[in-house]
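Take a look at this single chain in structure tokens; it is the form predicted on its own.
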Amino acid sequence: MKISLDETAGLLEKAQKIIITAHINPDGDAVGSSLGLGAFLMSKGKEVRIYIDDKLPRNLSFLPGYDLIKRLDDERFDADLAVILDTDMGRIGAVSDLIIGKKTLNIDHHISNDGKADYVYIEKRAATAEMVFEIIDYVKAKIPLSVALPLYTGLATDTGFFKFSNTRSYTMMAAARLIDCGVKPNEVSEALEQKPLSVVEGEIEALKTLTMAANGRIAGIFLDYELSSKIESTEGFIDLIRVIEGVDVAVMIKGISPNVCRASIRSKGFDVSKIAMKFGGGGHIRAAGCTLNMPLEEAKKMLLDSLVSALEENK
């Protein structure tokens, strides 16, 4: 059931024991909105557990509460509300087993959300972190740095540090308010830009797989399981090719096992969410992703063929 901002705030206010989760392959918005909402609810005296069923990006370890995020454990937390952030219920991995039978609230800014949670609050916003800020602002609560820093990080990462087309005046206002709460933008950007040498070496290897298609309108990099398993994080890899002159669509596929791949797709206007949804994924018009249960070469051919065909149809 779709609900309003007021109803969302009311559900969070009534709940006392809360599970928070976000999507697998977590990014700055998934982690930032989870930590920001978690810290806010804990400041209200609520008991909160945060689970994300995947490895967390190390460059987000500067965020307060980062070590509180659990992958999974055997604890059966008797929550009265499970909050799914930045995705729908189909992309939270094994955390879905922890929330069986629990009331679910889904807060998301993705247009492709399947709406299967008990309560769904979806708005077209720059980031889920922006929606969490809006909820906190709506109830006129004070925002401590432990809440502001993760929310600002979620905003910054999902807007490309306020360069992407999803940046609105409200986004900038929210960022300014969070800065007034003590966030130092330079420290956030410096922390996020730090990369281990192994990641830089991984970027070099990834670029060796560069493939161009559709007369230069599509650029792709393709990491097999052997290569991707050696790289600590591939966050930002797709941006290496998105900036190539003449490229309308950038795609990265990486093997997460010999027969399972994850794809990230970015565009400069073409609706890539429709392509991702064909393969069981979703996202935004300009940024989407999906999981492909097949070997890398098969996934590469299938996704490239779909993108080429879609571009041809939308000339």
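Please read these numbers as outputs of a predicted model, since none were measured by experiment. All residue numbers refer to positions in the sequence shown, first residue = 1.
The form predicted in complex with guanosine-5'-monophosphate (5GP) is left out here; the points below concern that form.
- Out of the listed residues 41, 247, 69, 287, 287 is the one that sits within 4.5 Å of guanosine-5'-monophosphate (5GP) in the predicted complex by at least one heavy atom.
- This chain is drawn without guanosine-5'-monophosphate (5GP); in the predicted complex, the residue among 65, 255, 57, 281 with a heavy atom within 4.5 Å of it is 281.
- Residues with any non-hydrogen atom within 4.5 angstroms of guanosine-5'-monophosphate (5GP) in the predicted complex fall in just one of 182-190, 109-117, 139-147, 207-215: 109-117.
- The closest heavy atom approach of residue 267 to guanosine-5'-monophosphate (5GP) in the predicted complex falls outside 4.5 Å.
- Although the partner is absent from this view, residue 49 stays clear of guanosine-5'-monophosphate (5GP) in the predicted complex, with no non-hydrogen atom inside 4.5 angstroms.
- Applying a 4.5 Å heavy atom cutoff to guanosine-5'-monophosphate (5GP) in the predicted complex picks out 25 as the lone residue from 1-38.
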